[in-house]
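Heads up, the chain below is alone and in the form predicted on its own; it's given as structure tokens.
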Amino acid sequence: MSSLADNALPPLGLRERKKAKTLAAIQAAALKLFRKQGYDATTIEQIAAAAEVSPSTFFRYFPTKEDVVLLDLTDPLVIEAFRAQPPELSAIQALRNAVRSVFDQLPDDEFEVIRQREELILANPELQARMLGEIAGMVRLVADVAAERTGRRADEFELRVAAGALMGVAFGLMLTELDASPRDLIALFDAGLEQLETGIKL
């Protein structure tokens, strides 16, 4: 079965592909152990052994155990696909296209990784707190790309608010739609972006 690293948009270089595969292998081994014996009971040494890497290799890729769960390998693919969209598209249209271009070719097993990560985050207060920081980082990154596309400053309040709203769709989805299938979640995310595009009525 093809992997996320194989399906990256735009194509990754050999070094980046090898890094993505190592990251994915360590994360897959960690998630398997977390399901089997629990997040708190699983050690970094156990994860490294299950992934057939040394603990020092683990720390080269992940500073902490929390980072294994928080890593989303689709994020850089979506951002690069966002950058590659035609300039005449609005930021929301460009992001919708970028999300579809990445997730339409994502294998089922990698959707399962996304579901497992979300379950762990929602069950662990420390991971939830860290996730808020990750979302803040994505807000800044989306604002940066939107600024590149529009010629505006990334620190403009209006641009940051718009980027926050875009990432708010993903955050709200993670909190409320966990029972849906992973592919249904992407359709719901697209529907949420469409709501932003057409105007939400509260």
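Residue positions are given as counts along the sequence shown, with the first one as 1. As the structure is a computational prediction, the values presented were derived from the model and not from experiment. Just so we're on the same page, rigid core means the largest C-alpha set that superposes within 1.5 Å between forms.
The following text describes the form predicted in complex with the DNA, which does not appear among the structures shown.
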Would you check whether the DNA, in the predicted complex, lies within 4.5 angstroms of a non-hydrogen atom from each of 14, 43 and 65?
yes
Can you check whether residue 158 is within 4.5 Å of the DNA in the predicted complex, heavy atom basis?
no
Since only the chain is shown here, I'm wondering whether residue 57 would be in contact with the DNA in the predicted complex (any heavy atom pair within 4.5 Å).
yes
Taking the shortest heavy atom distance, is residue 18 within 4.5 Å of the DNA in the predicted complex?
yes
In the predicted complex, is there a heavy atom of the DNA that lies within 4.5 Å of any heavy atom of residue 53, even though the partner is absent here?
yes
Only one of 43 to 51, 131 to 139, 145 to 153, 166 to 174 has heavy atoms within 4.5 Å of the DNA in the predicted complex; I'd like to know which.
43 to 51
Take the rigid core as the frame of reference and indicate whether the C-alpha of residue 60 shifts by 2 Å or more between the shown form and the other one.
yes
Superposed on the rigid core, does the Cα of residue 45 end up 2 angstroms or more away between the shown form and the other one?
yes
Verify the C-alpha shift of residue 26 between the shown form and the other one: is it 2 Å or more after superposing the core?
yes
